[in-house]
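Take a look at this one chain, the form predicted on its own, written out in structure tokens.
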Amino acid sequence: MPIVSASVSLTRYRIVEDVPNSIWPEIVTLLKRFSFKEIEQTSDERSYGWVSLENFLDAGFRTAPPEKGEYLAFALRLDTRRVSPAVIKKHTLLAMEEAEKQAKEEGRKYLSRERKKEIKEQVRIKLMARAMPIPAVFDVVWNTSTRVVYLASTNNKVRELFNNHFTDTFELHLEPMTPYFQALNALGEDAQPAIDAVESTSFM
């Protein structure tokens, strides 16, 4: 989701630890090391990694640098292949029938469990290779002064993927700036039992 738009859903994070100054000259190198890799010529189900904010086809940050004043701006690209379970089931049944016919011609009465598993996997890989990956892009903005990071998504699976990939890339940990963590930071860990005991209130 473009972060520069009339409306956008955001998740805010703070970086837990101090950010070492040695990381700033290495930002582009780190982004390239953990950049997005194309899967169009493979049968992989998904691929993800960093790309340019301005052009999600640019995983080398050639068209625009991520540095924007005191901000770093880039994007998380996630490509996913999807094949309908019904399509996989149909082609698996057809492949099984063909294999059973061949087995009878060779004097065998049935297919082994291992052979059935092998056929099912072969069908899945074949169909995956024929399906085009569907790209999704989630913008990221990192305020280097405040250590606050914005992700243009509130989807739980995307947030988990982003969180883990950010830590793998920069060796920094993120904490969501939810009311729970805001209260914990303001009141200290001693207040955690009291915060955990707070119950939601309905104003309806």
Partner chain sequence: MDLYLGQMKDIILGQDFLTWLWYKSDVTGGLFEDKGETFELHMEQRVSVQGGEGDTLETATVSGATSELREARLGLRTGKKVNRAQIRIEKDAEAWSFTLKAEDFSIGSLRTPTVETKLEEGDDPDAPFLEKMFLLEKCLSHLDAVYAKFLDLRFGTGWGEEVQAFRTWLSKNE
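The shown structure was predicted, so the numbers you read here are calculated from the model rather than taken from an experiment. Positions refer to the first chain, counted from 1. Take the two forms, find the largest set of C-alpha atoms that superpose within 1.5 Å, and that set is the rigid core.
Note that the form predicted in complex with its partner chain isn't included here; everything after this is about it.
Participant: Name the residue from 73, 96, 88, 128 that puts a heavy atom within 4.5 Å of its partner chain in the model of the complex.
Facilitator: Answer to the contact question: 73.
Participant: Would its partner chain be touched by all three of 30, 120 and 164 in the model of the complex, meaning a heavy atom each within 4.5 Å?
Facilitator: Answer is no for this spot.
Participant: Please identify, from 41-49, 173-181, 22-30, 55-63, the stretch that has a heavy atom within 4.5 Å of its partner chain in the model of the complex.
Facilitator: Selected stretch: 173-181.
Participant: Residue 34 versus its partner chain, in the model of the complex: is there a non-hydrogen atom within 4.5 Å?
Facilitator: The answer is no: residue 34 has no heavy atom within 4.5 Å of its partner chain.
Participant: Should residue 143 be counted as a contact of its partner chain in the model of the complex, where contact means heavy atoms within 4.5 Å?
Facilitator: Yes - in the model of the complex, heavy atoms of residue 143 and its partner chain come within 4.5 Å of each other.
Participant: Residue-level question: is residue 16 within 4.5 Å of its partner chain in the model of the complex, judged on heavy atoms?
Facilitator: No, no contact at 4.5 Å.
Participant: In the model of the complex, does residue 196 come within 4.5 Å of its partner chain, counting heavy atoms only?
Facilitator: Taking the distances in the model of the complex, the answer for residue 196 is yes, it comes within 4.5 Å of its partner chain.
Participant: Taking its partner chain as it sits in the model of the complex, which residues of 127-164 have a non-hydrogen atom within 4.5 Å of it? Please list them.
Facilitator: If the 4.5 Å heavy-atom criterion is applied to its partner chain in the model of the complex, 127-164 yields 141, 143, 150, 154, 159.
Participant: Indicate whether residue 25 shows a C-alpha shift of 2 Å or more between this form and the one not shown, with the rigid core used for the fit.
Facilitator: After core superposition, the C-alpha of residue 25 moves less than 2 Å between this form and the one not shown.
Participant: Rigid core superposed, CA of residue 10 - does it shift 2 Å or more between this form and the one not shown?
Facilitator: False for residue 10: its C-alpha shift is below 2 Å.
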